[in-house]
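Quick setup: one chain, the form predicted alone, written in structure tokens, and binding and motion questions come after.
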């Protein structure tokens, strides 16, 4: 099922939660919605599900316009399944009965098989007869996932679907759920505050800020070629180095860097901390902090003109606070415009 937002707007009184969202999600694609709190992620998801009316624009599911500011098809008539943070389990029904709730039209044998398959996907089959109130938050979240999987919907809308799970179990359940949905060609839009998880699952990421779409791109492209300084910083640690771009180069506090694409005028060089080399030559900087992170050391350095630089080095590197090192960036870098509103 294709899902398309065409200028979709959501307002709460005078507050614009989603400002004219334009993005099309083709059948079978996984789109990750990311952004800070209040960026419009949940509003977009709830608008697609039918829980929030749009005040302008249009939302299309498959070939049907389900919302256009005048019409508003209710959730139960739209088709996608959904998993939201509230879980919304029925306390008077068992785990299995909760999962079977949307399967009442199936013959009993087929319904029971669907329930078993869904519970096995989320590793809850032994708890089928338990009441939701006796389960942990993570277990209840897995019940909600199983209930969404069981009807085999053509599309699924998920808000932090794995957020309450312990790290080890989270990875296993995420993998099994993704395998099942991709095997069916299910279209998925999901929200996650875990960037690593988003990158692992998404075919494309959509980055929102203040209700406005900043960039839609495959994860690697968004990370290496961000549309602006906000996207660069939101998707991971980054050094944004002010400089004067002159075609193929930009002059910064770390010296003259080669540009991946030509640019001119005042720009910010986008340098990921692991791309910075510590060696015998380069710009001098004083190490001010070192944090051990197992396989790597997270260092902070200050250049002669007071610029703070984040660096990632192998954990065995000897640099310590108080040392002076020389920094360089051997690889070509991208640039973004100087952001007048970095918040």
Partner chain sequence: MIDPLRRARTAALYLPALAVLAAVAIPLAFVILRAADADPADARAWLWRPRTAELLLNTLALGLTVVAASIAIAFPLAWLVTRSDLRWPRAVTLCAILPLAIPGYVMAYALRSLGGPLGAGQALLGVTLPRIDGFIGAALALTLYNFPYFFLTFRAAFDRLDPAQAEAARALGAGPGRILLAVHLPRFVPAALAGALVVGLYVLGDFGVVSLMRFDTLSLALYTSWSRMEQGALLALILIGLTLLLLAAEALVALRRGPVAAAGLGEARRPRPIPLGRLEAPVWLALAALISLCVVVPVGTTLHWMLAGAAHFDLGDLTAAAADSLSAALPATALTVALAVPVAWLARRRTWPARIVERAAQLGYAIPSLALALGFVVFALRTVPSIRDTLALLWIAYAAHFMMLAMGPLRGTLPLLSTRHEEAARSLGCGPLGVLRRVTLPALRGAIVAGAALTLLAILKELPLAKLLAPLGSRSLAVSAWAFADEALFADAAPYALTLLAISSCSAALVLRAGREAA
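Positions refer to the first chain, counted from 1. The structure displayed is predicted, hence computed values, not measured ones.
Omitted from view is the form predicted together with its partner chain, to which the following refers.
Undergrad: Only one of 117-125, 235-243, 144-152, 190-198 gets a heavy atom within 4.5 Å of its partner chain in the predicted bound form; which is it?
TA: In the other structure, the partner sits against 144-152.
Undergrad: Though only this chain appears here, would residue 82 touch its partner chain in the predicted bound form if you measure heavy atom gaps against 4.5 Å?
TA: Contact check for residue 82: yes, within 4.5 Å of its partner chain in the predicted bound form.
Undergrad: Looking in the predicted bound form, any heavy atom of residue 75 within 4.5 Å of its partner chain?
TA: Yes.
Undergrad: Does its partner chain get within 4.5 angstroms of any non-hydrogen atom of residue 69 in the predicted bound form?
TA: Yes, contact at 4.5 Å.
Undergrad: Could you confirm whether residue 86 comes within 4.5 Å of its partner chain in the predicted bound form, counting heavy atoms only?
TA: Residue 86: contacts its partner chain in the predicted bound form.
Undergrad: Go through 279, 26, 53, 36 and name the one with a heavy atom inside 4.5 Å of its partner chain in the predicted bound form.
TA: The option sitting close enough to the partner is 53.
Undergrad: If the cut-off is 4.5 angstroms on heavy atoms, which of these, 275, 58, 290, 46, is the one near its partner chain in the predicted bound form?
TA: Contact residue from the list: 46.
Undergrad: Counting only non-hydrogen atoms and a 4.5 Å cut-off, give the residues of 90-121 close to its partner chain in the predicted bound form.
TA: Those in contact are 90, 91, 92, 101, 102, 104.
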